[in-house]
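Below, in structure tokens: the form predicted alone, a single chain.
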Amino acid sequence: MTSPFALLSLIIALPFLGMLFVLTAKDEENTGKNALNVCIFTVLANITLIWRVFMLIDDKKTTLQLFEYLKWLPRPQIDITLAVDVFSLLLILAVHLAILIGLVGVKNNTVKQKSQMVFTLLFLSMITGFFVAEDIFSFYIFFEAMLLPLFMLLGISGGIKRQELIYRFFLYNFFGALILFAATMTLYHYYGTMTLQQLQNLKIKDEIEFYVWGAIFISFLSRIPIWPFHYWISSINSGIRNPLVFIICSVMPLTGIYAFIRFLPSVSSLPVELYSTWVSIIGIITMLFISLIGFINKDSQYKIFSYITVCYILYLIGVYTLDELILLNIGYSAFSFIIIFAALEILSDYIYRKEDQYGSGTLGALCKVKRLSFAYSYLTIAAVGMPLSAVFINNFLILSKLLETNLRMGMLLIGTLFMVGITLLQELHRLKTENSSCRMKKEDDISLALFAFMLAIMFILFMSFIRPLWFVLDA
């Protein structure tokens, strides 16, 4: 089925057009505020289009649908193909909702607000293109293109040791880009232009198979907070005090997970099995290390980062099962997971700024602020896997499959999830503990408008538990 009205191209183009509109706006007194409003409107408009795409696809099928084709270059022959399935659409929608949450979190941040909106919209356009790309060239272009706006956002509000972290960020990703480019060119040299679906069913020549898959694994893992890449990613994320930039940085590992899903062959080969085994072992060790550090570390930002890391590596290990049902469960779980950590981040940032304003610690910060306390408590309980979002049942199914495959590995995964859950509950307990020295008062509570927005987010999360695609109307 082809896409009517080129809807897939449109959801890529709309944020880019919004970026151009913000970029060409004249510098006036309210430029930053106007840029934020345009950005929010663009994201909401694209969410509406994404919902329309959901209505057009068959949500019972796991195959790609709504194809769009474009003849790009005759020599060398390169064709562009776009397509979506339920999994990719869920991720696109989750990223849009997460960025919308981030925009709400920075509405009072006037530092280079116009620049933030420009690069946020550019990032949204590029990551949307990445999720709908179905040929190896457009996939590579979008995979690398989203690094530019992220690089600029880090430069605007990257936090402490900014130059060192940005240099490291550039070095790792440039290295990953070169390796993936070499793998892409090798595949093109031997097999010509192809779709990712064709690549999954391709038998790569024995003499290049180990090298191609090795390059693919290294380039995709450079996006995921797994050893040895966990150090620079944690250094960046834990130092960011801008919730929008933190959310965008935290979304980036999702691209590595998705890339594996699109590239891994339908029938596993010896190189893939070998690399997957080693990545799983390293991943579990990283999970144990990060969850332990998160438990010890007093910084709430690092605790959220440890939760994000553990979940991403769980999804990565789940991807290696090559089970279609598990992949769909990962999509449902990731949808709620992304929304949860985005909402937790803006509330944590709000608490951090209030406490920084008063010059006091976070002990008992939620005692007198009922709206903030309720929203933060709900999101924390949903994050640890209680039945308040799709994370609950879908993580349970992923772990069941992993326990069936490898009992020891499954038990270690459960242990790390338990540890990171305790880490989040530890932070919640610290914030809710009665403390007479806490300076936050009732008037420091979140506004009714923000609380209403949080209630809407909680409603989306709860409905995702009842029925993952509850917003898709039955024919």
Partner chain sequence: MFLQNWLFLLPELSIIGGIIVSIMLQALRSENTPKTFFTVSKYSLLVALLSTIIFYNKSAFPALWHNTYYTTLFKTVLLFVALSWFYVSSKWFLGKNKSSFDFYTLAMTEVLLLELLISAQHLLLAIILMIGVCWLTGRLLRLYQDQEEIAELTKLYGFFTIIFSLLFLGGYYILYQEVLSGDLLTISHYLEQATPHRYETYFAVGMIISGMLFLLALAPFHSCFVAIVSTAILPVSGFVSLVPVLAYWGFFLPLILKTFAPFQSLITVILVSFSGISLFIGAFSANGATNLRRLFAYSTVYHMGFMVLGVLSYNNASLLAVFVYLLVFIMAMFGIYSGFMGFKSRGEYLVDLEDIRGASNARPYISAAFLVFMFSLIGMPPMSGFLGLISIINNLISSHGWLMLGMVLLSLLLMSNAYLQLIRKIYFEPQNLSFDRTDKAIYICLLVNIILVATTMINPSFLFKDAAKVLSGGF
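Positions refer to the first chain, counted from 1. Since we're looking at a predicted model, the values are computed, not measured.
Missing here is the form predicted together with the partner chain; even so, the following discussion is about that form.
If you check the partner chain in the predicted complex, you find no heavy atom from any of M55, D58 and L97 within 4.5 Å. In summary, among the residues Y188, Y352, Y358, F210, the only one with a non-hydrogen atom within 4.5 Å of the partner chain in the predicted complex is Y188. Taking R241, R371, K112, K107 one by one, only a single residue has any non-hydrogen atom within 4.5 Å of the partner chain in the predicted complex, and it is K112.
In the predicted complex, the partner chain sits within 4.5 Å of a heavy atom of F137. Although the partner is absent here, G214 sits far enough away that none of its heavy atoms falls within 4.5 Å of the partner chain in the predicted complex. In the predicted complex, the partner chain sits within 4.5 Å of a heavy atom belonging to E144. Contact annotation for F119: at least one heavy atom lies within 4.5 Å of the partner chain in the predicted complex. Between 344-352, 67-75, 248-256, 265-273, the stretch whose residues reach within 4.5 angstroms of the partner chain in the predicted complex through a non-hydrogen atom is 67-75. Within 4.5 angstroms of the partner chain in the predicted complex, the stretch 169-189 places a non-hydrogen atom from each of F170, L171, F174, F175, L178, F181, A182, M185, T186, Y188, H189, taken in sequence order.
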